[in-house]
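Coming up is one lone chain in structure tokens, specifically the form predicted on its own.
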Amino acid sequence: MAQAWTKSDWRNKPRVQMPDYLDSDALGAVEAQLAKYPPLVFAGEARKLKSSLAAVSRGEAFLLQGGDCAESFAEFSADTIRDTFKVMLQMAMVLTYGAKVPVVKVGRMAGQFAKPRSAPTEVKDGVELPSYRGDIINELDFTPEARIPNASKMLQAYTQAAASLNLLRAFSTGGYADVHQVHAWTLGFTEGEKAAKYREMANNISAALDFMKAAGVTQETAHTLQSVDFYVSHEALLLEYEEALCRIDSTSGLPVAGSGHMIWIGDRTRQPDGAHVEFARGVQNPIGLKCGPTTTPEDLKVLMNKLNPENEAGRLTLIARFGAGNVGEHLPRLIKTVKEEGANVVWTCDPMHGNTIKSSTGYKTRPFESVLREVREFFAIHASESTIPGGVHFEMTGKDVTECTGGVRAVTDEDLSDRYHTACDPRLNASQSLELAFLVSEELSSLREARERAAG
């Protein structure tokens, strides 16, 4: 790295959005225990992801990043993991068809346990308590005892993450990800009358698969039709957990975050001289950086230099999150900054966090149309700037929840109470996620056709 670094240097920097543990001895014991555990991911996997993201930065691949807002201990199950994995495979197939390039699949899974909050406390019925910060830190129950940070929850998070990764690896290579099976699931979605507009694309995918079969490309002759590379990511918010799982790669001798293949820094924790940037700059993993409306060109220059001093392709992903209607105001100035610096970055769009509203029924929600509008604005700006829109980043679940309004199944404000299960922010359900993939695929197809025309 450009400057000397140790994995505990973050402790000398200003920290935000992190808990203050009351029992320092208990915290130390948990950190010592975690430090003995095997890493959850391995350096070679992180290097492979970085190489794939380098292809994304050149327009030779597309990034799909999605999963839970905040993973829950209570809702942890094999079915939950399977359902989210399944929808991401379906989305990836549809996006591959539109982009005509490989889709890099990265889940918000096996580590997305901690959440930054807009306020340190919350009030209910006149009672004020510390905010819920995710199951790795405290509990959702609105009691004084539940809201006390508990270091032992890090051990439970590790166990759940390890189990999740074990299942994801099995799904990725054991035949569940077979391309023909994935497409059969997708065809089921397009059979509905309201999804008929997506049927033509689904039929075209069917024709492509039939052609491959006729040409002799089958599951038996092409291993890639049966298995996928699937990576996991999370916001590296709880730095005691991150430090304890940081390891030295035996191949390169360099430090790697063993908690996930990719980690990101949130919009609330991206202070250039803060603890989170200090930790992330020293590990070799791909790093994401959330960029919101308050991201200044000056800060972005400093952050790019700190997080990617060697300007390595695939190392840094800028995750834009501005809100529908605001992309044109903020994204061009950040693109200009990246161009001026000659920086290698992946540009991706998070259309979830800037589009949260309170519904007429009192539930926090995100309108499907606002999510789609921000994605379209993101693509339009990149087209006008002749830069590469590299990916999308969604909070989503494979479950049939009612948390975001709209979509072909037309979830209304009144429907939100039916299956509103999130512990934190509203997620797209399986149907909305797949519909969004079809719509993004159309954007990718149009973009590709425009480039081909321009190239003559």
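When you see a residue number, it is the position in the sequence shown, counting from 1. Computed from a prediction, not measured in an experiment: that's the story for all the values here.
Same protein, other form: the form predicted in complex with a small molecule, not shown, and the subject of what follows.
Quick check for you: of 75-83, 335-343, 263-271, 92-100, which stretch puts a non-hydrogen atom within 4.5 Å of the small molecule in the predicted complex?
Of the stretches listed, the one contacting the partner is 263-271.
Would you check whether the small molecule, in the predicted complex, lies within 4.5 angstroms of a non-hydrogen atom from each of 18, 243 and 276?
No, the candidate spot makes no contact with the small molecule.
290, 105, 147, 382: which sits within 4.5 Å of the small molecule in the predicted complex by any heavy atom?
None of the other options qualify; the answer is 290.
Looking at 428, 34, 69, 41, which is the one with a non-hydrogen atom within 4.5 Å of the small molecule in the predicted complex?
Contact residue from the list: 69.
Within 4.5 Å, heavy atoms only: does residue 403 come near the small molecule in the predicted complex?
Looking in the predicted complex, residue contacts with the small molecule do not include residue 403, since no heavy atom lies within 4.5 Å.
Quick one: is residue 247 in contact with the small molecule in the predicted complex, heavy atoms, 4.5 Å cut-off?
Result no; residue 247 lies far from the small molecule in the predicted complex.
Can you check whether residue 353 is within 4.5 Å of the small molecule in the predicted complex, heavy atom basis?
Yes.
Although the partner isn't part of this model, could you tell me whether residue 116 comes within 4.5 Å of the small molecule in the predicted complex, counting any heavy atom of the residue?
The answer is yes: residue 116 has a heavy atom within 4.5 Å of the small molecule.
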